[in-house]
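One chain follows as structure tokens, the form predicted on its own.
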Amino acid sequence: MLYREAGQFKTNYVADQAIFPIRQDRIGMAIVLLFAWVIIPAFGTDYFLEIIMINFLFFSLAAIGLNILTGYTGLISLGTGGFMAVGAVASYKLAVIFPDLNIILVFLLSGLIAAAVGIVFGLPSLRIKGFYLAVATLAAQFFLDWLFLRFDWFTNSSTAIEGVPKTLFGFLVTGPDASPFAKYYVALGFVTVFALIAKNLVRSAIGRAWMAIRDMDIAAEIIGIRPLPTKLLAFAISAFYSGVAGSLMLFLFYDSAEPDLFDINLSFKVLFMVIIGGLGSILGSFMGAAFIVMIPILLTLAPDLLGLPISSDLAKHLEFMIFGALIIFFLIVEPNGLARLWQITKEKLRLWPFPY
């Protein structure tokens, strides 16, 4: 009864093609945005904002980028961590070389540099796909890791960014002296805008071309979709999102341009977010990021809350075991991810309380 679209008539094409055509969805999204922009900053502690929420936000942005490439275009990538490293190192170099450059431009330009690198490593996608493309992107991950660790020019032999603090609208938003609230609002602003752009992008002709390539690339080529530009655009946009996420991760969380922070483990973590949250779903990217970020924290706090006298090493090993078991459980119960479970819930709400 609460989630019925009966009586909500569409009188024009714009209303019919709206992102949230049902009134209840619009109200729900307004509540989510109100909660994110007002309630959390008003009542959240510094630890909650800086350690949990900022982590969740830049991982969500990286998961959206990978979902565009893997979920919507069907191109498996294991190089997300490398593209995030490109964005982080590029933003660091831009901030050092151009200290007066606006922090927003630093983030956007670093994303564009990562997009250019993504296009280079996306060129083999026309000839290979599936497991072979995954190996090619894995090679990109290892090459970028080696490049940044081998040559000190990328970090100027001094990785700390305390010397390049950045302000936005008069507020210090980067560095250890910046307020967690300022960092949170910067991350939230980027994620809100780019999530909206991604949602509209996958609903456009570009998104339909991506999904056609994903479903059957030969048929897509027959109907006039050019595979190489379509795949390269997916690589570029995915790498752009990953690059911006990497620069946010550097300036708002780590405060140090350490390339080894963006290793293969980070690529697997973002891939798990997309798989658990749901392939081909922007909402699933947020759900997967929340799952990956929150579960280890809850598993770490559980022994203390339950009063179990276990060592820190044992707690860490149990965390990995339980975390892996939960991932397997969700993949078995619902292979299409948490977004599919939410979709099923909404379908049941449309029929409730009637049995049919």
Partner chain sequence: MTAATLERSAPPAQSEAPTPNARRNFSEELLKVEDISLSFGGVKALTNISFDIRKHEIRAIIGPNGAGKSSMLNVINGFYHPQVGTITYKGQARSQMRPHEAAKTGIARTFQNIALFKGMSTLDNIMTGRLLKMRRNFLWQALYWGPALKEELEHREKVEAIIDFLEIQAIRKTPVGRLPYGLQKRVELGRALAMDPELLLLDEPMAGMNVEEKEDMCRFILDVNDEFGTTIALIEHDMGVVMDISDRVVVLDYGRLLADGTPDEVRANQQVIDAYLGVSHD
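Because the structure is a prediction, the values reported are computed rather than measured. Throughout, rigid core stands for the largest set of C-alpha atoms superposing within 1.5 Å between the two forms. Numbering follows the first chain given and starts at 1.
Another form exists, predicted together with its partner chain; not displayed. Remarks below refer to it.
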| property | result |
| --- | --- |
| In the predicted complex, the residue from I97, M216, V135, L172 that sits within 4.5 Å of its partner chain by heavy atoms | M216 |
| Sole residue of A139, L201, I119, L108 within 4.5 Å of its partner chain in the predicted complex, by heavy atom | L201 |
| Contact segment among 222-230, 183-191, 83-91, 262-270, judged by heavy atoms lying within 4.5 Å of its partner chain in the predicted complex | 222-230 |
| In the predicted complex, R150 touching its partner chain (heavy atom, 4.5 Å) | no |
| Close approach of I206 to its partner chain in the predicted complex, 4.5 Å, heavy atom | yes |
| 4.5 angstroms heavy atom contact with its partner chain in the predicted complex for T345 | no |
| Interface membership of M211, its partner chain in the predicted complex, 4.5 Å heavy atom rule | yes |
| Large Cα shift (2 Å or above) at E334 between the shown form and the other one, core-fitted | yes |
